[in-house]
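Okay, here we've got a single chain as structure tokens, the form predicted alone, with questions on binding and movement later.
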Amino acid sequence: MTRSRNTEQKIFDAATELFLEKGVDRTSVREIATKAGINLALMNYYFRSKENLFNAIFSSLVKKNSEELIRILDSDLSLEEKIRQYVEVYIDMLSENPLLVSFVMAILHRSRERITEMKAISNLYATEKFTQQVLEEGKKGNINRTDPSQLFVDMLSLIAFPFAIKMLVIDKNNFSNKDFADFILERKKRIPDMLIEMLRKKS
């Protein structure tokens, strides 16, 4: 059992590195097997195809946290508290899994069918309950009326983009890795404050 788990982890690690270095479509199953130090037959025994392996890696990275994100969006919390908790959990997820942004971009650059098929990536998007809450709060006059899709994309962009351009942020600000971590930590407060201020009705 331990040997099986070790082999599977070797395949995961090798595939992850190659997918990020070369892209999913330009990485062959043979290359993954070679990098993992196993033969092609064993590679096929574990995952049967590169697509299965890609899906398994992506799902393992996001499953736990995406469930938490959905729980927040579908909870009975106020809209403001949902935004704050969602931003915090999502930033923590990306901080712990810095490769996730690259994986998401790899999927988005492939096909609409692949995005639809992958439940894990769909779980990172807004839920029906959150959408209705935004609309209802606008109708009640508690917030400025806003398109829920625009709000959610604003939120996702503010969270994910700094991770996508991490090396540029580090270079232009002469940051250490700790400096970047502190910079991201500050965004946990900055992003919700910006979004909530945008939604708040002026007296």
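Residue numbers run from 1 along the displayed sequence. Whichever C-alpha set is largest while still superposing within 1.5 Å between the two forms counts as the rigid core. Remember, it's a predicted structure, so these values are computed and weren't measured experimentally.
The discussion below concerns the form predicted in complex with the DNA, not included here.
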TODO: Scan Ser176, Ser28, Ser59, Asn173 and let me know which has any heavy atom within 4.5 Å of the DNA in the model of the complex.
DONE: Ser28
- [ ] Note which of Leu42, Ala164, Leu168, Leu135 lies within 4.5 Å of the DNA in the model of the complex, where distance is taken over heavy atoms; exactly one does.
- [x] Leu42
Open item on the list: Considering non-hydrogen atoms and a 4.5 Å limit, does the DNA approach Ser49 in the model of the complex?
Closed with: yes
- [ ] Mind telling me which stretch in 136 to 144, 32 to 40, 66 to 74, 152 to 160 gets its heavy atoms within 4.5 Å of the DNA in the model of the complex?
- [x] 32 to 40
TODO: Could you tell me whether the Cα atom of Glu186 shifts by at least 2 Å between this form and the one not shown after core superposition?
DONE: no
TODO: Classify Val169 as shifted (yes) or not shifted (no) between this form and the one not shown, where shifted means its C-alpha moves by 2 Å or more with the rigid core superposed.
DONE: no
Open item on the list: Once the core is superposed between this form and the one not shown, does Val29 show a C-alpha displacement of at least 2 Å?
Closed with: yes
TODO: Looking in the model of the complex, decide if the C-alpha atoms of Lys22 and Asn177 are closer or farther than in the form shown; they differ by 3 Å or more.
DONE: closer
